[in-house]
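Here you get one chain, nothing else, as structure tokens; it is the form predicted alone.
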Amino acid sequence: MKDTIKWGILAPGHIAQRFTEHLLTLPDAKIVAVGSRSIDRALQFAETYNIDRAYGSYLELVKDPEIDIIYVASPHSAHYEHCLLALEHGKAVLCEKSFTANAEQAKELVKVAREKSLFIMEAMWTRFLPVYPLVKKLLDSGTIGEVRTVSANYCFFREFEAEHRIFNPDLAGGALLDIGIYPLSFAQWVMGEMPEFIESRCKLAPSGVDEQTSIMLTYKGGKSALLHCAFNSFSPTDAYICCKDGFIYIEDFNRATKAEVYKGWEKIDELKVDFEYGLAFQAAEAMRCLREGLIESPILTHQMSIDCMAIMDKIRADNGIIYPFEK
């Protein structure tokens, strides 16, 4: 594949703005087009970021022959439709988390991508932060023994607004899919396997989506993960990996630049990697995979994304959360 990978941005909302700002720091990436349901929004976005072409529909965007890969930044409820649209027009895809609204949609996208030999990946940006390979190496070394428990929280407070994306069931809203996927994906990365048991409790917002969810996952050998997410309270976004002989503390695990390592209660190391543009790492990985002819990333495989969706499906089912388009 050519030296410069050419991107199209689908749905120029807030997260697309952040992603674009970070993507533009990569010298081998070029954004050639943006698509929106509103031509005015597309034109404004294109002008802001010096993008060559603006389209007033997603179909026009994915038909652009110059684009190598589409970044999908629409609401969760539309990820399946928009990823499928891109794949059907021969485009690789990087899709914002959560990958889809449910596991069946995720499986179908993976099936289509594999049939067409096209790359697709969930944009779970935290999985690509440079501190995490250092944490993995430390865990694999056995310095603090085997992992026993993982805990992680991600919460913030927002007043209820029925039509806002995060509270709207028509848009697959709720704390679980929006921010709960961060601690869930973190636990998946540490444990490296599906849990044997999934227990959860949700507090529902007036719109019927979860505004607070607590999760306990139990793995083979009695290992466990305790996870929490909420829109109705604040918490530090901290994580702990508790091992037989010590633990690792990660401040702001969803955007981590460092991890503190303890043996017993004594701090023995600090793993630290500073960065400024965290969303660029996932884009760099997507471009690496395209150049090497890969249809999935070994860092965040198709099955990993499907498994996360399956766990969230179970949590929603256990708590009576069904999106209108799933009925």
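This structure is a prediction, so every number in the text was calculated from the model and none was measured. From 1 onward, residues are counted along the sequence shown.
What comes next is about the form predicted in complex with a small molecule, which is not displayed.
For the small molecule in the model of the complex, the listed stretch (85-93, 235-243, 177-185, 195-203) containing residues with heavy atoms inside 4.5 Å is 177-185. Checking A230, L217, V150, A73 against the small molecule in the model of the complex, a heavy atom within 4.5 Å turns up for just one residue: A73. Contact with the small molecule in the model of the complex, defined as a heavy atom within 4.5 Å, holds for exactly one of C308, L23, I315, A11, namely A11. By the 4.5 Å heavy atom rule, the three marked residues Y80, K111 and H302 all fail to count as contacting the small molecule in the model of the complex. Though the partner is left out of this view, Y58 does reach within 4.5 Å of the small molecule in the model of the complex, counting heavy atoms only. In the model of the complex, the small molecule sits within 4.5 Å of a heavy atom of R37. By the criterion of a heavy atom within 4.5 Å, L171 is counted among the residues contacting the small molecule in the model of the complex. At a distance threshold of 4.5 angstroms between non-hydrogen atoms, R41 is in contact with the small molecule in the model of the complex.
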